[in-house]
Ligand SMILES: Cc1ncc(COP(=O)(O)O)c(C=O)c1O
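Starting off, we have a lone chain in the form predicted on its own, written out as structure tokens.
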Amino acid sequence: MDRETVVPHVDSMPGERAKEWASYHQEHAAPSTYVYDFVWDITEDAEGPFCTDVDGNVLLDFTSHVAAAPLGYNNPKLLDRMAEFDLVDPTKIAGQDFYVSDGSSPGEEELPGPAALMDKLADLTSHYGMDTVFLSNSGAEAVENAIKIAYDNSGGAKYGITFEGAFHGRTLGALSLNRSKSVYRRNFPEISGVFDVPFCDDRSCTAETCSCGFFPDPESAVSKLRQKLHPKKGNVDASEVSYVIVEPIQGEGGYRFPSDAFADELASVVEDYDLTLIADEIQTGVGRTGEMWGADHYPMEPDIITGAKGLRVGATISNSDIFPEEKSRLSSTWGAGDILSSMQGVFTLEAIEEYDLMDNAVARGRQFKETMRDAAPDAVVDVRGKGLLLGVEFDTHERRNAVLEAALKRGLLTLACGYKVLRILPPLDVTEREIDIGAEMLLDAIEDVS
């Protein structure tokens, strides 16, 4: 496959073999969040955003596997370096109890493992004063550990604060923080004492023009968060708040980008009341927005960052003063021991820096937004994004779903989020040509539906 010339080609989507494989997969798989019957053929050509399915269709994947594959498929920026690695067994060790090395001196690894990944993450969060990392298996575990260390560090404070529309994972602790779709929480037990406040849904609003409820009184310009914590008028004692957790940009909730007024007020309240701020960067981190972390766009100063997806492992990052000193307060037999995934994480972070992929994300994201805004019909009510975290909002839920299906039949893979938004997540090294192809395919899909 020549990435510079390949174009999507679809005979039927999904094809007969894809239907067979999907049926085979689902025969013993518990019901989950399957979007459509896309079956990647790992033995066929794939590179960057292009891949081949089991029916021979060549597809343009603008999902990056929900940001978990930031460099797309078979990217030589990653594979050329990993080719030096001879497969060993086990590739996953008990990383809290044992360590691993390629035989070199620390910091000079050609084949970096978990220690190198933690060192890299500490460096990339040093501007927030962070120096300590706990690795785990998933984003939900990263969030679980974030709230655990926040509770521990607070000395017994019992409350947490989340935001309407939030999504932080599906484990019992993490889902207690979710405020998006009801299906995530219904009939499950939850952590008590978690309060919520509105999240900004107008990226251009001010305290005086806010309509989402975060600033309920335009005249006073006092936020709902500040009202809730007011020492005399509020209903939550700030001294008993262990943490505030926020996605710098909401993902599952609909790719909602906060206004400057919202971000300024959040930063101010956290500072005024000396609250621990957790930034959930599982989807917004690792260069996706044009900065290494989504929080880098805003004045908020997180005390804890959770990462996963593009890192290939889960990571809870903070300052050593916040992490528990006592052994066994945090532990995970396998969490810190994934040799192969840690290597992929390090090489991904290094590629983002070496090839200026955050700058590319800004340029290509701008290109997509300008193209869509110039050509999209009235059914598209908003095109928004930072870097290559992009959302296209439609006038109705039904139209969004129809466009997703129409794009699929043309060979463009996208994902839904929120109620009527398509999320667009190309690989971070996507080219100008590939953005043109993807935008044209999406516009054609919209025209098909219209």
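Small disclaimer: the values here were computed from a predicted structure and weren't measured. From 1 onward, residues are counted along the sequence shown.
One more form of this protein should be noted, the form predicted together with the named molecule, which is absent from this view; the next part is about it.
Although the partner is absent here, Phe167 is a contact residue: one of its heavy atoms lies within 4.5 angstroms of the named molecule in the predicted bound form. Taking non-hydrogen atoms only, Ala140 approaches the named molecule to within 4.5 angstroms in the predicted bound form. The shortest heavy atom separation between Gln283 and the named molecule in the predicted bound form is within 4.5 Å. At a distance threshold of 4.5 angstroms between non-hydrogen atoms, Glu247 is in contact with the named molecule in the predicted bound form.
For the residues Arg179, Lys228, Lys309, His297, the 4.5 Å heavy atom test against the named molecule in the predicted bound form is passed only by Lys309. Taking Glu291, Glu252, Glu144, Asp303 one by one, only a single residue has any non-hydrogen atom within 4.5 Å of the named molecule in the predicted bound form, and it is Glu252.
The candidate stretches are 168-176, 369-377, 321-329, 91-99, and the one lying within 4.5 Å of the named molecule in the predicted bound form by heavy atoms is 168-176.
Along 75-89, a non-hydrogen atom within 4.5 Å of the named molecule in the predicted bound form is carried by no residue at all.
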